[in-house]
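Heads up, the chain below is alone and in the form predicted alone; it's given as structure tokens.
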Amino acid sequence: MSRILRIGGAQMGPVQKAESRQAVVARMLDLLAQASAQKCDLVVYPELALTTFFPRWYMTEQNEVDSWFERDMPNAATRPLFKAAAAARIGLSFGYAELTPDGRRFNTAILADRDARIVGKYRKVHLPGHAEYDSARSFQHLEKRYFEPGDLGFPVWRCFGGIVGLCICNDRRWPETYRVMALQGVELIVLGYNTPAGNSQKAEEGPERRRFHNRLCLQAGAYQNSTWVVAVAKGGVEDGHAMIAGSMTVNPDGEIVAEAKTEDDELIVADCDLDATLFGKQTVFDFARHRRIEHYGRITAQTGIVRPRE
């Protein structure tokens, strides 16, 4: 039985603050139709795909904050997307702001199978930014204000003939993200991101450096854990703020096999052979033979840096 998955990375251009959920879903449906025409098995959309990246706005009224959150998934706005995906027999993954019944708020991504049944949920663990307005920054990044750190860890799921994991945006910069999933045998990691084209605390770090760092962490994560990585962005100028785009698919050797050419709505397609993960997992990165966990205690025993005494 073939273990080749044709995966569509459904990059999205900017979603403006005034754009309705229904208008955004219409764009997602268009990308889904393109994926169906190209016989994709799975379509991956960005982080916070349904709205603008609202953590760039400082808000004090909880009702205003909660207007960006989804209380159910699927819901009235997204049900047409789930229905169309089920009809086309295409799996889905996308990110959104989740408000739970008990009032908790997470930056969340879901994975749906070919019947549009949600089979996996992930909540972003590594929240970047800050919690209060920071006048020293050139723009705000208030994820720590609006979201709790994810409480589900880094699970993986058996689906699409393989083992699939999720993460979101800043998670891709942390090697622990990939390794925890790799220790569960992950063969495909899909993720969405909304990355600013500039660094709010370092003016000289512009789009080229940001794109370099994006490629660096995705390629390293794929290679060091012998897994496919499909990373999908929002790009363009959103509410006056530029984002890097640069969606890509990376193979288990760390090579980019598909990459977006624009900053707009764009589908990138790659045939991902899950069996291509086996060689690395059985040789250089055969964890059972080569890992030396007796020396890794600091990774979970401490968070900040502890320097040696002078």
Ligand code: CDT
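Residue numbers run from 1 along the displayed sequence. It should be emphasised that the depicted structure is a prediction, and the values quoted were computed from it without experimental measurement.
Keep in mind that the form predicted together with this ligand is not shown, yet the notes after this line are about it.
This ligand is not drawn, but in the predicted bound form it has no heavy atom within 4.5 Å of His130. Put simply, Arg210 is close to this ligand in the predicted bound form: some heavy atom of it is within 4.5 Å. Although the partner is absent here, Glu143 sits close enough that one of its heavy atoms falls within 4.5 Å of this ligand in the predicted bound form. By the criterion of a heavy atom within 4.5 Å, Thr78 is excluded from the residues contacting this ligand in the predicted bound form. Note on the interface: of 110-118, 170-178, 230-238, 90-98, the segment with non-hydrogen atoms within 4.5 angstroms of this ligand in the predicted bound form is 170-178. Residues of 52-69 that come within 4.5 Å of this ligand in the predicted bound form, judged by any heavy atom, reduce to Phe53 alone.
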